[in-house]
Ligand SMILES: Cc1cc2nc3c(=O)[nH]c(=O)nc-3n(C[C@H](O)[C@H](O)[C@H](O)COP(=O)(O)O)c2cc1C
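Given as C-alpha cells, the chain that follows is alone and in the form predicted on its own.
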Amino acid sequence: MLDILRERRSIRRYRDREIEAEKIELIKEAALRSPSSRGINPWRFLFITDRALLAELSRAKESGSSFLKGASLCVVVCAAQGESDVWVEDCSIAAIILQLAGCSLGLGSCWIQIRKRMHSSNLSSEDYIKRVLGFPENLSVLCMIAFGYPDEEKRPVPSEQLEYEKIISDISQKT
C-alpha cells in the first residue's frame, strides 16, 4: 500500500489509449468497497468513456478541468441528498479509493473538484454537470476523477520533502 501512496501523483496528460473493460470493472468494485459512515453508502458513481461527453465535461469549471478531454475515463462521484449528513466525507473517501485502485492498475488519475466551484459567473459546476448528464436534482456532485494511461512521468515526492513538522507527537506542541 505504501508503494501505491508513494507512486500516486496527479496526472493530467494521458495517452490516446482506451482502458480495458476488466480494469474499469476492478475500479467499480473498489469504489463499491469504499468505507462509509454507518454503512449508509450514499455515494453514486457514473463511469463515462464517451469521448464527446468527456470533452463536454472538461468545460465544467472556469479552470482546472480542461485536461479531462484527454482522459479515457471519467468517474463522477456524487451522492443522494438526505441519505447521510456526512456524504461529503464518504464521497471523498470513495474518490481516493478510486484513485489508489487506478494507480495499482497502472493508470494515472486526477481529482477535479466540483462542489462549490463555478462553471461561469452565473452557473455552478455542479449545475453544469447536472444539465450535461441529465442528473436528477436530488444528486449532489462532489468531484470528477479523470483516468487514463499516463503521458507524463512524475516521480514520487522524496521522503525528505514530506512535511513531518505537521505530525504532532507531543500534545504540548499545539499549532
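Just so we're clear, the structure is a prediction, and the values are computed from it rather than from any experiment. One-based numbering along the sequence shown.
Below, we turn to the form predicted in complex with the ligand, even though it does not appear here.
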* Asked: Does any heavy atom of Cys110 come within 4.5 Å of a heavy atom of the ligand in the model of the complex?
  -> yes
Mark Pro150 yes when one of its heavy atoms lies within 4.5 Å of a heavy atom of the ligand in the model of the complex, and no otherwise.
no
Practice item. May I ask you to state whether Gly64 is within 4.5 Å of the ligand in the model of the complex, using heavy atom distances? Key: yes
task: Could you confirm whether Lys23 comes within 4.5 Å of the ligand in the model of the complex, counting heavy atoms only?
output: no
Exactly one listed stretch (111-119, 41-49, 127-135, 27-35) reaches within 4.5 angstroms of the ligand in the model of the complex by non-hydrogen atoms, and it is 111-119
Contact check, 1-26 vs the ligand in the model of the complex, heavy atom within 4.5 Å, ordered by sequence, gives Arg8, Arg9, Ser10, Arg12
